[in-house]
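Below sits a lone chain in structure tokens, taken as the form predicted alone.
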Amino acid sequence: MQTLPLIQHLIDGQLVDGGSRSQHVFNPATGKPEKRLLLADKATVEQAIASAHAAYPAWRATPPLKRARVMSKLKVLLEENAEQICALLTAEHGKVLGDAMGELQRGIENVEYASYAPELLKGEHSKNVGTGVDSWSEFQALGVTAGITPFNFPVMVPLWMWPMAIACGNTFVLKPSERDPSSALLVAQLALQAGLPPGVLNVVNGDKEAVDTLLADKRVTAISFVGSTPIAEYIYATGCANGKRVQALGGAKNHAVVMPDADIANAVSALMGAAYGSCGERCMAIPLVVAIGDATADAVVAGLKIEIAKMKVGPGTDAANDMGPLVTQAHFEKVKGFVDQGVAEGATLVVDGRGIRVPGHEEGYFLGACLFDHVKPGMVIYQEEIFGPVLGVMRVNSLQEAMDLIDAHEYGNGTCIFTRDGEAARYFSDNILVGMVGVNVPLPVPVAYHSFGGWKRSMFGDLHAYGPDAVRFYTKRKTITQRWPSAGVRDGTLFSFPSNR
């Protein structure tokens, strides 16, 4: 029997074993296990936290410029090792290599932003707030911080978190998804190569036991999370109850509004990538189109049918393919079940991807693009996050009706509008109750120097991910007021604020 390669933990700069349990990591294109992953127990996670705790005083005292230089070196190493990183990502997640390269590039942009730490950490200074009294604020590190990241972006989402946390002077424990952990582990090893001291960044692979240990340990001061809403809620409630700062990004159900005056061909092209890119496994995917008027809906559906017929589905390693497999057998069955339910509930299945077969990969988790028409608000496929290549079209009579639908939904992550009407676009952007809005842009994911986050049940916590909000999330403000009296001068007893004198 062939021995599968073992995926270990990275603690104090070394790859180590830890935990008596393990599980397989599958190649979703073949359906076969290719690696064995050790699942960290409580003691292993505590070892990683202890390593981060021990490394914190020296790292906090390291000048921000030196910390930033590590990020600059890491950026270069990520670019030099891009093919290896993306090959791991595709082998364990399944997304096509082009999509993997795009994910890595977005992650690199966050590393680049973190390299501006000396500028981002500058405080504020006021001289002579009172006679001879100066006051200033500065932003200090929190201590040991942690991140729990999802399977759908195993490279990019960790890079939303730990580069900025570390650049701000914190140390970090990362728990990547147990479904596709290898790329995140390789990136962490490259950080060591870039000059990161041992213990500053640790990686533990695990499941709920690892998560609960991070949530309970008092040495962990802050936790970042991206995943489903039920888990985000649990992370937020438990972390806050244990006195931690928490940002927890949850699920989504993003609507794309198509106005009658829209460039339909452009909208259809954009929707294809937004709905079916990365097999729909992203929180910014567009699973719902809200068409204004039947004529608009008919044109959109007709265009999508033509484009879907051109799609090539197969293993992500083949550059000719547009879409790879879903991440696991269980997720494949879940998404297929949503399609079955949509049919049962009365939506019109215009394109059925359930019967797709990929020659030579019959055991892979492949589901073709699915397209529904006449989706209604009461349907499960409208309400719940599917996280797969399933796009539904809804028909309404006005922009306000479309906005009322979107505002009534429990999620408020992202949305977009396709239109040539600037007034309509401005009204939509100003008034829609959603955290990220695109105008003729289907995936309005902010660049690294802005911040990412939704509204309503898509986001728990006050500060969004990466960008300027990340600097504030991973630091705490301290305000200092000082006075140096002149020699030989005594003011006597003071009962008022110094600025009142």
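Start at 1 with the first residue shown and count on from there. All values reported here derive from a predicted model rather than from experimental measurement.
The same protein also has a form predicted in complex with a small molecule, omitted here; what follows describes it.
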In the predicted complex, the residue from 424, 211, 379, 82 that sits within 4.5 Å of the small molecule by heavy atoms = 211
Identify, from the list 289, 164, 249, 144, the residue with a heavy atom within 4.5 Å of the small molecule in the predicted complex.
-> 249
Proximity of residue 185 to the small molecule in the predicted complex, heavy atoms at 4.5 Å = no
Taking 4.5 angstroms as the cut-off for heavy atoms, does residue 172 touch the small molecule in the predicted complex?
-> no
Answer with yes or no whether residue 116 is in contact with the small molecule in the predicted complex, where contact means some heavy atom within 4.5 Å.
-> no
Looking at the partner-bound form in the predicted complex, is residue 221 within 4.5 Å of the small molecule by any heavy atom?
-> no
Tell me which of 97-105, 221-229, 312-320, 345-353 has residues with heavy atoms within 4.5 angstroms of the small molecule in the predicted complex?
-> 221-229
